[in-house]
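Read the single chain below, which is given as structure tokens and is the form predicted alone.
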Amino acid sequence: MKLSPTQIEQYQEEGYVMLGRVLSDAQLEGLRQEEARFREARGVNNERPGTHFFSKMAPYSPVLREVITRGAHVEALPQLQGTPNVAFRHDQFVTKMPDRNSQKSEFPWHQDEGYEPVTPPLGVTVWMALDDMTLENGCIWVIPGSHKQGRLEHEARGEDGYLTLPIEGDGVPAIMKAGEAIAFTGLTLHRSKYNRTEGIRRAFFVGYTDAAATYQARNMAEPKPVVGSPHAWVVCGSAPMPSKR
């Protein structure tokens, strides 16, 4: 999948671009089955409303690794990032159970790099719909151009520990069919609203960044190389070798 100059320009100016269909029928079904497997293992069912996250699942699934490293979107990553060397660093299923007036399935405005800053800030998130994404079931929303503000200071929201920041307005909804994806930068403000339907709403997202980048989690005193993490792999180009000590 190569992007057109218009798509690249939109990504650079607005901080996101719709990629269209990136999953084959087999990949879509495989990801759905894996999401169900992980959800069952965590005991998440219709009696537990809210948004549920299953992170860093790739080591447990060849289906996930195939999509992460060889999916149709991978060819576009150097174009989006602006550098040829791309590393995978994070994967996550995001499942919204029916909210049923619990007020638990909303996920607030944030930047992905608000949780874990990356330097240089070239992160790309590819967010894949495993179900049709609608206004009713809690599709993702983005604020065009918000990435130009740089990394913003987030604060924890209540007991759930979600990070957020005050934002006015709704942004733009990313309405998608199952198998389609949106790509946005690690600095693009986004959120999702409540799932007001009786069905579950499943998504799978993958975070990539420059293979020479460093990251610094909130509990780390100093930044570390992204590719030094056991969960990170180079998917395009190469990564610099560590210096000899």
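Everything numeric here is computed off the predicted structure, so don't read it as measured data. The first residue of the sequence shown is number 1, and the count goes up from there.
One more form of this protein should be noted, the form predicted in complex with a small molecule, which is absent from this view; the next part is about it.
J.: Given that the partner is absent here, state which listed stretch (72-80, 105-113, 142-150, 165-173) has heavy atoms within 4.5 Å of the small molecule in the model of the complex.
T.: In short, 105-113.
J.: Is Tyr215 a contact residue for the small molecule in the model of the complex, using a 4.5 Å heavy atom cut-off?
T.: Close contact is absent here: in the model of the complex, Tyr215 is far from the small molecule, nothing within 4.5 Å, heavy atoms only.
J.: If we define contact as a non-hydrogen atom of the residue within 4.5 angstroms of the partner, is Ser192 a contact of the small molecule in the model of the complex?
T.: Residue-level check for Ser192: yes, a contact with the small molecule.
J.: Check whether Tyr60 has any heavy atom within 4.5 Å of a heavy atom of the small molecule in the model of the complex, and answer yes or no.
T.: Contact check for Tyr60: no, nothing within 4.5 Å of the small molecule in the model of the complex.
J.: Find out whether any non-hydrogen atom of Gln92 is located within 4.5 angstroms of the small molecule in the model of the complex, and reply yes or no.
T.: Gln92: contacts the small molecule in the model of the complex.
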